[in-house]
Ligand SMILES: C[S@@+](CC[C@H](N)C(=O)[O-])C[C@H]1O[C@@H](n2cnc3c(N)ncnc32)[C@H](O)[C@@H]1O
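Just the one chain here, laid out as structure tokens, in the form predicted alone.
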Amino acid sequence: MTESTTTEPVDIRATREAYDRMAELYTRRFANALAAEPFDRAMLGVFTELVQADGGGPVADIGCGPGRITTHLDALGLDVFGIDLSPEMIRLARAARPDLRYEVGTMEALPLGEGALSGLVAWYSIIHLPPERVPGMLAEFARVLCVGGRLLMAFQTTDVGLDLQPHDHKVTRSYRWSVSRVEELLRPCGFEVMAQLLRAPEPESAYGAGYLIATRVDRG
């Protein structure tokens, strides 16, 4: 998918413009964030081992921003590339690592063929998407993953007892999800969840984090 069209949803345009405006600030703010996130590194490491044990193959970092997760996965040995809605984020990612592949695109219409990927990472990528369009996005993830391919998702979590919670984000409108609700949405799209992790809010944060690793299965 290319850049803005006259028929695209208003929220896509708003999210793109917001991240374009703050791309350089975002890049500086999160440049070394993984060093202080052992749970993040652990889940990325497990995902990497699973993909490698399956024989490797291409992995897409969807919503890659300036490429911090993409470069981490590359360092772990994956054949990884990044896709992001924001042209400015992609510009910064390419400038930092011109040897890696980065493309502008949207996670609801990925510029990839059916079964093209062995792995897909959506690292806090779903948080700005209106909830009613999330099932379609997950079906798109299933379309581009091969049978047996691995999906890793991370997202902000809700308060206890809530499946979904809108909240004000520093960039644009955002949503928190419960791990159980995301798992429920994955099943009819052709995924089986094999691992999940719920991390409590850290002292400097108002929200926790949910992580899921799922496998694309053949239900035909």
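Note that residue numbering begins at 1 and tracks the sequence as displayed. Note that this is a predicted model, so its numbers are computed, not measured.
Although it is not shown, the form predicted together with this ligand is what the next lines describe.
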Stretch from 112 to 120, 81 to 89, 94 to 102, 144 to 152 whose residues place a heavy atom within 4.5 Å of this ligand in the predicted bound form: 81 to 89
This ligand contact in the predicted bound form: Arg68, any heavy atom under 4.5 Å: yes
Residue contact check: His72 to this ligand in the predicted bound form, 4.5 Å heavy atom: no
Close approach of Ala60 to this ligand in the predicted bound form, 4.5 Å, heavy atom: no
Distance check, Tyr211 to this ligand in the predicted bound form, heavy atom within 4.5 Å: no
This ligand in the predicted bound form: contacted by all of Leu138, Tyr175 and Val182, heavy atom 4.5 Å: no
Partner contacts for 174 to 199, taking this ligand in the predicted bound form and a 4.5 Å heavy atom cut-off: none
